[in-house]
Structure formats: structure tokens, C-alpha cells
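One chain is shown next in C-alpha cells, namely the form predicted on its own.
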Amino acid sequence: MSPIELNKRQDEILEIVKGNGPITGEQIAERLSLTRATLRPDLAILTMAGFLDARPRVGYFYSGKKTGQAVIDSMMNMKVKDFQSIPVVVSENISVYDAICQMFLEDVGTLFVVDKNAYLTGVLSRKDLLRTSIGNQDLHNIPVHIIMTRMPNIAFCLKTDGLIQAANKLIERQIDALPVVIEHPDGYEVIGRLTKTNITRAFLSLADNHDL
């Protein structure tokens, strides 16, 4: 038995999708002689409840799932590789001044520091650079490896990690970004970055896919 009571129109929508899926919202509305806007609340309820699944540019499928299980499944299947962005890396020998310039030019909040073999050795945050900037120190003469957070105190993720697992690391460590790495025998190669913005976009895409 369904955990929610569907109205007559919602039952009609389910029957249409069962027999004709995948089918777009516009096509469903046309069959019911209604507008897409009129159907939007019904489609949202059926999707959130797990009766329907939705795919962008494809349409609605009948899933038969209940209590939002379809949304939960989609969330659990999200991977870092699907939402990571391009990393901004700097050499461990550049100065704090150059790192500050690089951070502003790239418009990022975190820089990943690599050695001569391009392996991850440290992370620089806005706080690290701001803390060093206070006072009368010559920022041109301070290399970033002196102030960066070093391995093994760096949280990172793999491209195959689940997005929820990575999001938990961001929250637990109270940081803005994770380096996405490939593990090699001699170190970690940085291939991406995962930020709070990436996480937000991921869950917005989840809402779009399920017409929430």
C-alpha cells in the first residue's frame, strides 16, 4: 500500500507513464488536456515519492518505488568524477606573494602544492596566506612550503569515491576543497578538485533530475 494517498489526476499520470514511458511532461500534459505548469506539482509529488523517475531531455519513467527511494538511490550513486573541477596547482618553491596572486587570478579558495614530480605535498588555503600576510614579513622571500598544510595531514579523495563520502570529509575537516588524486607508488597525482560549490551543484542536479 502506498505511504501517500494519490488523487485522481496523479493516478492518471501514473497510468500514462506506465504505458508510454519514457514520456515528457509536455506529452503527459497534452494527453490530459492540461498545461505543463498545471501538472508540475503532481509530477514533483510522484517523483519525490519514488513512483516516477526522471531523466533530463528524456522524460519520465515508472519506477514503482516508494518513499523517495529513487532519490536516495541517485544520491548514493553520485561519484566524485562526475562533479570534480580542474585543480589549481603550484610549485612548493614559489613565494607566498606569488601564491596570493595565483589564488586571486584563478578565483579559487585553495591551492594544491606539488613537488618537482608533480606529486601532492601540501595545501594552501586563504587562511594560510592571510595569516602569513599579517605583519612586516617580506612575502617575496617566504616559500609556500613553510606555511602549507603538509602530507599526511591532508584530506583527499579519489575520483571513484562517492560524493556523500567526500562531502563528509569537507564537513569533518571544516575545509573548502579536497584534491582529487590518483595514487602512485611514490605519491599522489592531483587530477581534480572537489569544492563545496561542486557539492551544491551536484545536489541541484539531483533535484533537476527528479523534478523536485
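This one's a predicted model, so the numbers in the text were calculated from it and none came from an experiment. Position 1 is the first residue in the sequence shown; the rest follow in order.
Although it is not shown, the form predicted in complex with ligand ADP is what the next lines describe.
- Here the chain stands by itself, but in the predicted complex one stretch of 78-86, 118-126, 138-146, 92-100, 118-126, has heavy atoms within 4.5 Å of ligand ADP.
- Under a 4.5 angstroms non-hydrogen atom cutoff, ligand ADP in the predicted complex has residue 175 among its neighbouring residues.
- In the predicted complex, ligand ADP stays beyond 4.5 Å of every heavy atom belonging to residue 44.
- Within this chain, residue 179 lines the site of ligand ADP in the predicted complex, having a heavy atom no more than 4.5 Å away.
- Residue 155 belongs to the set of residues with a heavy atom inside 4.5 Å of ligand ADP in the predicted complex.
- Heavy atoms closer than or equal to 4.5 Å to ligand ADP in the predicted complex belong, across 78-101, to no residue whatsoever.
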